[in-house]
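In structure tokens, the next block holds one chain alone, the form predicted alone.
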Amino acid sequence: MELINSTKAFDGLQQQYRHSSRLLNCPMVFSVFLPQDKEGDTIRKYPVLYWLSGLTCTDENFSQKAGAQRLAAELGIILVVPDTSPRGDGVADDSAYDLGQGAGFYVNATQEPWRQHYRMYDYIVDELPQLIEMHFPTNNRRGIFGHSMGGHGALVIGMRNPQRYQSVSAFSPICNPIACPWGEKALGAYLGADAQSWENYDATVLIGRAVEHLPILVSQGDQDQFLGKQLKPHALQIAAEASGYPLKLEHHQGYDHSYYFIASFIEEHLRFHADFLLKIDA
């Protein structure tokens, strides 16, 4: 790994790294916040909370705008923030903001020209955690959360891998991508015309089929400009109620889709995850 920059924050370190991804066939950048080791000569190991960002974002949006470092330092949680897609001159792209670079949708693409690089699902589930756990003082506890497209990714990855995560949360997630314009466009391009294959990346479908249940918190602003057409949290709630999945869905009056919303409720989400990541097993 190549260290790009390192900045002290709340007695910890906010860092950015570049590495060569074997799965995505290109260099990838991620950010990490490391709390200060407060136990002297003993190397303390921390749980890891992965943040997945939304359309057009990089690893820097959350690190600079969410204001998560103070409480992460206090609680003792490592924050890891990957980029939203593979990038580079040789990586397929599209002129629209909602497809291609910056819009990986956390799926494993099966169609050309995307399949060579766009395997963000495997990257988040397997390659990146292996790298993090090799180079940083982690324990065996992981949580995952995200915003918008990243909220979709967090819900899908968490529900498909309940043995890997202790908790899942999302801000304004794309809950039912097989039935919204963003999702139909991206899933059709990356996965092809067989809509049945899209269901593996739809949180509303997965929550109705889930056998194992993880604690899930979803926060949604009622003034979000994408609420009805793109996000559809009501569909997720209906599916959860029908299947008996213990989903906690909170509606917040007056809030939109921006990072002001995320910053307003980031502490609630961090404390939600801390209840599970810092739990001491009997």
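In this text the structure is predicted, and so the values were computed from the model without any measurement. Note that residue numbering begins at 1 and tracks the sequence as displayed.
This protein has a second form, the form predicted together with a small molecule, left out of what is shown; the following refers to that one.
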Completion exercise
None of 57, 68, 48, 32 but one has a heavy atom within 4.5 Å of the small molecule in the predicted bound form; the exception is 57
Exercise for the section: Counting only non-hydrogen atoms, choose the one of 252-260, 234-242, 210-218, 24-32 that falls within 4.5 Å of the small molecule in the predicted bound form. Expected result: 252-260
Exercise for the section: Answer for residue 148 alone: is it within 4.5 Å of the small molecule in the predicted bound form, judged on heavy atom distances? Expected result: yes
Exercise for the section: Find out whether any non-hydrogen atom of residue 121 is located within 4.5 angstroms of the small molecule in the predicted bound form, and reply yes or no. Expected result: no
Practice task
With heavy atoms only and a cut-off of 4.5 Å, decide whether residue 63 touches the small molecule in the predicted bound form.
Solution key: no
Problem - Partner proximity in the predicted bound form: residue 182 to the small molecule, non-hydrogen atom cutoff 4.5 Å - result: yes
